[in-house]
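Below, in structure tokens: the form predicted alone, a single chain.
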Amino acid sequence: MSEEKKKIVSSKPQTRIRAAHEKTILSEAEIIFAQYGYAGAKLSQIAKAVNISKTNLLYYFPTKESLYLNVLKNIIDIWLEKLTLFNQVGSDPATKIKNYIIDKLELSQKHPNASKVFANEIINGATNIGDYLQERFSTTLEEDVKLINTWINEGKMDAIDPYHLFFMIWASTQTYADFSVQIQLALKKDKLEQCDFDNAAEFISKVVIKGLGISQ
């Protein structure tokens, strides 16, 4: 990877048509990167999936690296837009935490390939997106940690380590995307259904909220 990783957003002027084309390219690229990883994915595969030439693809994203970085940026932006405990609907801890878990599972359900691309990047050390992730992610997480600590100080929940609470929620919800095949095999299903995600939300919420000593 080169200095391009610092230039995640294209500097070319955006138009409505260009933005639509880029959205389509990013969507198909996400699927290819999820399936083959960065090293295994080929621009020719992505161009074929979008039904354009490789030359045309390079007009929008001049290198595979720039395309990959924009895919990662989109994933992080989508997640951070929804995954903020502080901004969840509700005023009490139980409601906010349950809605947070529901939203996290919804992202796993609707964006499974995004989750796999992100997981693979993190497993490999976040060398390409680490700075951007730190910039966007740290402030959001610290806000949520502060909220948990406020609830603890107000006696609304047991004294726990907020960071490990979030680690556990992320792991238990993202597994429905990253390891969906394993869950399908266990449940003897070809595909996870809405009821599976609903059941997961109820179970994870109950375990987490009860484990935190929160009264409902």
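All residue numbers refer to positions in the sequence shown, first residue = 1. Rigid core here is just the name for the largest C-alpha set that superposes within 1.5 Å across the two forms. This structure is a prediction, so every number in the text was calculated from the model and none was measured.
Although not depicted, the form predicted together with the DNA is the subject of the following passage.
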property: Stretch from 145-153, 186-194, 165-173, 62-70 whose residues place a heavy atom within 4.5 Å of the DNA in the predicted complex; result: 62-70
property: The DNA: the contacting residue among Ala41, Met157, Ile31, Val50 in the predicted complex [heavy atom, 4.5 Å]; result: Ala41
property: Lys206: touches the DNA in the predicted complex, heavy atom cutoff 4.5 angstroms; result: no
property: In the predicted complex, Ser27 touching the DNA (heavy atom, 4.5 Å); result: no
property: Residue contact check: Lys23 to the DNA in the predicted complex, 4.5 Å heavy atom; result: no
property: Non-hydrogen atom contact Gln35 with the DNA in the predicted complex at 4.5 angstroms; result: no
property: C-alpha of Ala20 moved at least 2 Å between this form and the one not shown on rigid core; result: yes
